[in-house]
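Take a look at this single chain in structure tokens; it is the form predicted alone.
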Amino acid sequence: MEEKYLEAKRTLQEYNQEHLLNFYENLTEEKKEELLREILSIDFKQLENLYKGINSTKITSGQKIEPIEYVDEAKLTEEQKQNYVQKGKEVLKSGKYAVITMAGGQGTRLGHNGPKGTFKLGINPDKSLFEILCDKLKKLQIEYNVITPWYIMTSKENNNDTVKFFEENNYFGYPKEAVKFFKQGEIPMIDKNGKILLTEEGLIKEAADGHGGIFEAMFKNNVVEDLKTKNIEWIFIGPIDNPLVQMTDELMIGYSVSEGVLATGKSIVKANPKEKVGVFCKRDGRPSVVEYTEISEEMAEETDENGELKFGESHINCNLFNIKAIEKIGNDKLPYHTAFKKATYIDTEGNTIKPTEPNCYKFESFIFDAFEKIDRMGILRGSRENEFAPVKNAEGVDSPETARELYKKYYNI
């Protein structure tokens, strides 16, 4: 361990982060080893570059942002719908379909102690978000006599609790062998001076690297290899916190097959031009998503000849990928976006700092940045009431109360 310590110390001196070893001697042997392992796994050059670019925006001079074509489900003919649905059913029946659920978050904002997926929505019978999603796979099992592989991306923070929850609930009656857990990556948090933070325990303060880290995590944890071994062709990737997520949408699958695209994203129309959501677009001719902070008020309010917003297709994180698209995206890191957050940490004197306002930078990658690696993708417009009931806030907008009402209305309960 002495050799690792000296290597870590040299690296920290090079990047002016020596404070990370300030409390090394106070740690147990096990924790010392963990800290050294964390330090030696950090890409310090990357962090340095991220810190230098914290005030930059993603739209750079010369980038061309244009509206993207989409298909509105509501305007399809009955014949088109039936054609898509039939092709979608064939994929589901063939066993060449899998679902990945991004469930790395905790339910802190909901006042819930535990992984967000263990949060109960308050319906009758009361079910957790995990069970609500599992019910959709069990429905396929009954209808098509097929076991759809279910991969769940957890985090370092909630993995053990998530696995335990599934075991305690007997996997909600779904075959245990069809469910696989894998962890998303993490990246250190830094203060306003570019210094990496330490936890109260004296270890590196890290945060999950965002849902865009899913591709790297899939390769690192052999998920892609497992999908290929199972001859999976289509993979749905969606969030845990939307009980209305249509993760086995026959129409969406059939549309993707028929149109010959390698990926399709579900959209819903922006509630209004100022709604704080990312919207699908073309960036320099390639599919992308532009964030609400990146476009001007003029662009946000621009309408087409039908009076619809040109940039009105909200990305709701419902994504369908062909295995070829995932291989094309690869395991390269997607660009990071910066968020200014509050975080408790220990300072260089060992004092615990509990801030009342944002004090550090967190870096996240977003899944939609992967779209730019695909030449062409489909955008399928659905409806808010049938597709989107996010559970993010304890009360008000996108809360359990609003999600519960949308869920009850959709299922007529």
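Start at 1 with the first residue shown and count on from there. No experiment lies behind these values; they were computed from the predicted model shown.
Keep in mind that the form predicted in complex with a small molecule is not shown, yet the notes after this line are about it.
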| property | result |
| --- | --- |
| Answer option from I132, I329, A103, L197, heavy atom within 4.5 Å of the small molecule in the model of the complex | A103 |
| Residue (of D249, D241, E73, E206) lying close to the small molecule in the model of the complex, criterion heavy atoms within 4.5 Å | D241 |
| The small molecule contact at D369 in the model of the complex, heavy atom, 4.5 Å | no |
| Close approach of K341 to the small molecule in the model of the complex, 4.5 Å, heavy atom | yes |
| 4.5 angstroms heavy atom contact with the small molecule in the model of the complex for H315 | no |
| Contact test in the model of the complex: E38 vs the small molecule, heavy atoms, 4.5 Å | no |
| Option from 105-113, 303-311, 257-265, 168-176 whose residues, in the model of the complex, bring a heavy atom within 4.5 Å of the small molecule | 105-113 |
